[in-house]
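Below, in structure tokens: the form predicted alone, a single chain.
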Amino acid sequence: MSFLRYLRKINTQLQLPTRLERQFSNAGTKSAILQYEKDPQPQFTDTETQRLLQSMTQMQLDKVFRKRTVPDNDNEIKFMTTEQLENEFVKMIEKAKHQLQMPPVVKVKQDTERIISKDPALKDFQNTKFVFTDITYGLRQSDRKVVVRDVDGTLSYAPLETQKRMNQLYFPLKGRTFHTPRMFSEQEYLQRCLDDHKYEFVLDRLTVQYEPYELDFHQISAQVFQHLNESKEFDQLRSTRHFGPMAFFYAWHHCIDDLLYDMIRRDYLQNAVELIALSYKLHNVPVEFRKTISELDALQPTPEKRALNQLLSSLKSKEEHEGIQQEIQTAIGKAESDFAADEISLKFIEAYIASEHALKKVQLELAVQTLKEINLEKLQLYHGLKKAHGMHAS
């Protein structure tokens, strides 16, 4: 019996490397980080791309201005006239637009040596390097000159890491540290944050700690977006400054289907059309999408206007706010323009699903079919309620 146990132990030890190799192989495949193969900045900063990304981000004010665990959560009460309150609402929309400003998506900056001059006469003048920093007030950190005099007399522009450290020394950015936070230096801590779905927290900290052109910024943000694509928790970043770069990342790397499914499921059909249009634009797909976008823009207000209308509606009297037409729209959740926009959007989305570009056709088809059935019931109920109140049903 002891000999049999010994044989089982030997067999287990022989099989163990095979299982470990399989685990490491799977882990290596899963951890492959998608990267931009060329400079994405011209496409990202394009006016049309920015408009699509801003519309997809949405402006849910309750999420933009939600309370956070920071010391400035104090409330201030003021007495205002209606006109003053309306002006305050406009300022609030501008503040929300500022908070939703997206971090730029640029290529990784290569750290190349840039020699200014070589002065052999200064060789061994000192046994340490000298770093000279332009501390002129008001300069952008990217424009601030930092040069290094080496011990052999060579004068050159400082490496990116030295330039970043000098900028932080003389003009410190709040929240940035000289040492790399453990959540970025050790994969275990980053993975724990991702598994807890703390995506916005990670991206906020990443934006403070690194510059958008740094390799670490690209690798960690890509890891966050890929993990998010697996968890399907896209709503975590909706109405935050990171939703646009996330949608751009998926469109660039041909993996929009999961986000598209989420948009259809949540009845954000215009956003779904904009996501498909962005993918077509980035990859020069010969599909005319601008006509559809313009038709939807004519039927639907911009996110800023929609948010402002919601604020202004709170100032209306009960008689103004609760007319029969408004009551029906509130009960159904949609107006006639919304149904018209849905019809245009679904036609465009179904054309995408039928094309060769869709990767998850069955999943998307089921989502569209379910939404069409729900919308049909809402439309029938909408017309029925208007008819019951003696109103003309268009």
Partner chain sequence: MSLSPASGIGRFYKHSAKIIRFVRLGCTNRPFYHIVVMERRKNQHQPVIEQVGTYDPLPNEHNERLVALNTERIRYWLGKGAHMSTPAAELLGISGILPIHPRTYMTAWRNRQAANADQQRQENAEGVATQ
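If you're wondering where the values come from, they're calculated on a predicted model, not measured in any experiment. Residue numbers count along the first chain shown, from 1.
What comes next is about the form predicted together with its partner chain, which does not appear here.
The stretch among 117-125, 214-222, 191-199, 261-269 whose residues place heavy atoms within 4.5 Å of its partner chain in the predicted complex is 117-125. When contacts are judged by a 4.5 Å heavy atom cut-off, residue 100 does not count as touching its partner chain in the predicted complex. Taking the partner from elsewhere, residue 168 is found to have every heavy atom lying beyond 4.5 Å of its partner chain in the predicted complex. Its partner chain is not drawn, but in the predicted complex it has no heavy atom within 4.5 Å of residue 242. Although the partner is absent from this view, residue 129 contacts its partner chain in the predicted complex, with a non-hydrogen atom inside 4.5 angstroms.
Here is the short version: of 299, 147, 293, 285, the single residue with a heavy atom within 4.5 Å of its partner chain in the predicted complex is 147.
Proximity to its partner chain in the predicted complex, taken as a non-hydrogen atom within 4.5 angstroms, holds for one residue of 324, 135, 90, 208, which is 135.
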